[in-house]
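Shown below, as structure tokens, is a lone chain in the form predicted alone; questions about how it binds or moves come after it.
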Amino acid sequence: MLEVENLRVELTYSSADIVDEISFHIVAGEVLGLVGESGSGKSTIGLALLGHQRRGARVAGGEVRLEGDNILTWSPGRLRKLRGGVVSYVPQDPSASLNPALRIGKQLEETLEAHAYGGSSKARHDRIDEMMSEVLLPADREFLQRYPHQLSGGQLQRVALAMAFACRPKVIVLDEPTTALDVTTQSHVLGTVRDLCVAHGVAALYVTHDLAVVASVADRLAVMYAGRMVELGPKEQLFKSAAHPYTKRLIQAVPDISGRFELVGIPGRAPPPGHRPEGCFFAPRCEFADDKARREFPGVTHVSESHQVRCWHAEEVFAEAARARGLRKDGSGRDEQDKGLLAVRGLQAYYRSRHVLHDVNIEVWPRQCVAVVGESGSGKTTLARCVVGLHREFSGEVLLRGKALETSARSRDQQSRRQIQYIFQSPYSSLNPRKTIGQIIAQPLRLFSDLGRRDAEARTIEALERVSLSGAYLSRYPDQLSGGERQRVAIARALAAQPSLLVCDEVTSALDVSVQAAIVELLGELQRDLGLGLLFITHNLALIRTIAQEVAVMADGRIVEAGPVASVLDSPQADYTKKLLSDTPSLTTV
């Protein structure tokens, strides 16, 4: 159905390649997973399948053949008919791709009208009913009359899928469509994608950085690194016996819900276009690198008929990958001599007349991480906001070291505010883009201490070094940092205040698995070395195996199950917990 051969996309202003030497094919009904860290070129390849590139990039060579016809030679008019009709695209954020001023039904109808699908208004309305049924959404007038803001994230993503499959395309590109979804909604969306591709013979490219997600939907896997495809083959072969060290390290960075294997991050970062080294691009981060790897980029080696790799040490990596991952070491929990740090008792929270939290009770001790998990809308973030005093409409008690706290952060004393620090979900929106990293980290020092300029700078550098960054970052701005580096800065800002409790609200959900692993390793070290207590809000059950000692499972504003992580995940009692676990993607099922 689709063939890509020697595709090269360049920056228009420098001719440096974004991606190069990209070749693969997808047959009808097959899902090819395209994985790699942010900046590896995944989305660039996905857009090339629509004959499109973002501003500042251009296709400089190669072919994209749809049933044998190279679409890169087509006229703009012909490409407009292709997009949405023959090749469809599902973006990462459906809320940004749907028109907020138009009703859902109208947007679906416009998609059919634009491609002249269906000969009459009745035929198009019948197709809309069929589309909504395929993505398990109601097709009644009340639902179709809603605006995008009146739908949940999962419903919006299903509408985007319905729109993409509306005209029965031959190829579909899915660009990280489940990144922001909880595990239950994600499971439903992935099942819908898989079923629609098989039922209608659609060739799909699934772009993601999450190997556990792609394991549940893809047939084959292509691994990208710094603009090159470094490994391609059946997912079972790559997961069980990867032949490229980067693939091997990516697999080690995926949280293991069984709790058997150690989570290991990848040090360093991938080089951007125009700054890639001679030889193998992964060599600076690779344990197998030698002089030959640093001088010459490897060609394609066939491990088997369907499994290819670009590595000078493929046989050695293949043999080592076939052995088991490193077993996980038990994380440190609370010390018996510790005194209680945070206690939440009988918490009832409201949004005006709406009751959102019901009799919530949680305790956090020093050197202990308590994870709070559940679907979107279960009340996790509201609980966190009550603890730090950002949500004031609640009753019950929030106690810090036995002392009851006021509902509002503004009403709390300075010492209480200093001891509880909040790390937000998005590192891209939680840092002020107009301030340097030094100014951002120094802000808590101005609020909570009267240090002189020299002492404040020393404390700022100390906070940076705590998160494995150097003083060279002081003069940089957030836009000069990667997502992982920004999240480290957000953690450093919290540490500068010398807190006792960190409230981490989905702090890794927007990060690559390799960066996520590094951040989780860092938080674990801080928990042990500084005696910090962590309240860790997440929807990723596999992740809590690595960092948490206790877990509370929330549903509809209530804690339905709580206890030690191993007990809850290995022997869940609540039906809701069992459902969450069954919906959580895992490499162990491959």
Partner chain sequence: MKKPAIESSDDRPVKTRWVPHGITWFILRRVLLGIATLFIISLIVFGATQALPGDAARAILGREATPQKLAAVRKQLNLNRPVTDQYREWLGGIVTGDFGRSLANQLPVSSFLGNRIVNSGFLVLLSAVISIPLSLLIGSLGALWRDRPFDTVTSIINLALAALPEFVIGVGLILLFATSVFQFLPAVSLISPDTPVWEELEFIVLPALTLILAVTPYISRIMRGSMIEVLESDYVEMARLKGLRERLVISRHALPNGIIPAIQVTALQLAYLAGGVVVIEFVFTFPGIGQALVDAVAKRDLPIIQSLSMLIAGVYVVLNLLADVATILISPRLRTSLR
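Numbering follows the first chain given and starts at 1. Quick caveat: nothing in here was measured; it's all calculated off a predicted structure.
The following text describes the form predicted together with its partner chain, which does not appear among the structures shown.
Trainee: Tyr422, Tyr89, Trp365, Phe281: which sits within 4.5 Å of its partner chain in the model of the complex by any heavy atom?
Mentor: By the 4.5 Å criterion, the partner-contacting residue is Tyr89.
Trainee: Find the only residue in Leu447, Ala319, Ala404, Ala96 having a heavy atom within 4.5 Å of its partner chain in the model of the complex.
Mentor: That would be Ala96.
Trainee: Just one of 492-500, 390-398, 118-126, 144-152 has heavy atoms within 4.5 Å of its partner chain in the model of the complex; which?
Mentor: After filtering at 4.5 Å, what remains is 144-152.
Trainee: Answer with yes or no whether Ala114 is in contact with its partner chain in the model of the complex, where contact means some heavy atom within 4.5 Å.
Mentor: Ala114 belongs to the contact set for its partner chain.
Trainee: In the model of the complex, does Gln439 come within 4.5 Å of its partner chain, counting heavy atoms only?
Mentor: Answer no; every heavy atom of Gln439 is more than 4.5 Å from its partner chain in the model of the complex.
Trainee: In the model of the complex, does Asp195 have a heavy atom within 4.5 Å of its partner chain?
Mentor: Within the cut-off, so yes.
Trainee: Taking its partner chain as it sits in the model of the complex, is Arg158 in contact with it (heavy atom to heavy atom, 4.5 Å or less)?
Mentor: Yes, contact at 4.5 Å.
Trainee: Let me test this: is every residue among Arg65, Lys235 and Pro271 within 4.5 Å of its partner chain in the model of the complex, going by heavy atom positions?
Mentor: Not a single listed residue reaches its partner chain in the model of the complex, so no.
Trainee: Relative to its partner chain in the model of the complex, which residues of 344-377 have a heavy atom no more than 4.5 Å away?
Mentor: Read in sequence order, the residues that approach its partner chain (within 4.5 Å, in the model of the complex) are Glu375, Ser376.
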